[in-house]
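Just the one chain here, the form predicted on its own, laid out as structure tokens.
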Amino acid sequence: MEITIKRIGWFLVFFIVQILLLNKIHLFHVATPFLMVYFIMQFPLTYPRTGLLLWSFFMGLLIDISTNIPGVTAASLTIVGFIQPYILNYFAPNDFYEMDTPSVRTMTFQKFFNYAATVIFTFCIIFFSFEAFNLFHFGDWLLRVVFSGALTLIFILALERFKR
């Protein structure tokens, strides 16, 4: 019960920060940090798949409703929520306990960095592909994926540093 209340609190924090602060950042008109991905990255391997998909979907849906984007974030976060356990399982060290929350403390920095980069860039590729709905402007799409992914990764690594 305590874990669920804590997760609801973090859900609201990430939602509010994303809507009120981070969605207003458009560095060089191509880079926007997507910190809500960090919320999805924090689920352990043992968390029920259905629960993870519901958290992902509702986070995306609320952000879409708040920003007037027709389902792009909900679809992207739900797909990332679906593949997150597979990515975590791939990058988790052998002594990683299934109840552990992925972080620099429970994984090595390199493994966490690889895990975070994979999840973040997967989200960015899906999100910007849905947003553009075609790859006609491949250069713009690629710039948005790379710079938004890099900016998000920097934010998440900074959060990990302060979380210690």
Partner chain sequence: MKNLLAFIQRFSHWILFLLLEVVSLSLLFSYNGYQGSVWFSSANNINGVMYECSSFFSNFFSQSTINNELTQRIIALRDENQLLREKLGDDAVKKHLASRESQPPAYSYIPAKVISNTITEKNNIMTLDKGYDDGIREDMGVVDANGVAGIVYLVSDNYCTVLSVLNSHTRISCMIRDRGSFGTLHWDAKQYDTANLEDIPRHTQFKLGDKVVTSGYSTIFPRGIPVGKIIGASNSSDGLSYKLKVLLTTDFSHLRDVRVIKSNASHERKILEEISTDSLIASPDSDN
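Here the structure is a predicted model, which means the values were calculated and not measured. Numbering follows the first chain given and starts at 1.
One more form of this protein exists, namely the form predicted together with its partner chain; it is left out here, but the text below deals with it.
Novice: Check whether Met99 has any heavy atom within 4.5 Å of a heavy atom of its partner chain in the predicted complex, and answer yes or no.
Specialist: No - in the predicted complex, heavy atoms of Met99 and its partner chain never come within 4.5 Å of each other.
Novice: Can you tell me whether Val72 touches its partner chain? I mean in the predicted complex, with a 4.5 angstroms heavy atom cut-off.
Specialist: Flag for Val72 set to yes.
Novice: Test of understanding: in the predicted complex, would Thr122 fall inside 4.5 Å of its partner chain by heavy atoms?
Specialist: So Thr122 does not count as contacting its partner chain.
Novice: Would Arg105 show up as a contact with its partner chain in the predicted complex if we use heavy atoms at 4.5 Å?
Specialist: So Arg105 does not count as contacting its partner chain.
Novice: Using a 4.5 Å heavy atom cut-off, which residue among Ala117, Leu53, Ile40, Leu45 comes into contact with its partner chain in the predicted complex?
Specialist: It is Leu53 that has a heavy atom within 4.5 Å of the partner.
Novice: Residue by residue through 72-88, tell me which have a non-hydrogen atom within 4.5 angstroms of its partner chain in the predicted complex.
Specialist: Val72, Ala74, Ala75, Thr78, Ile79, Phe82, Tyr86, in sequence order.
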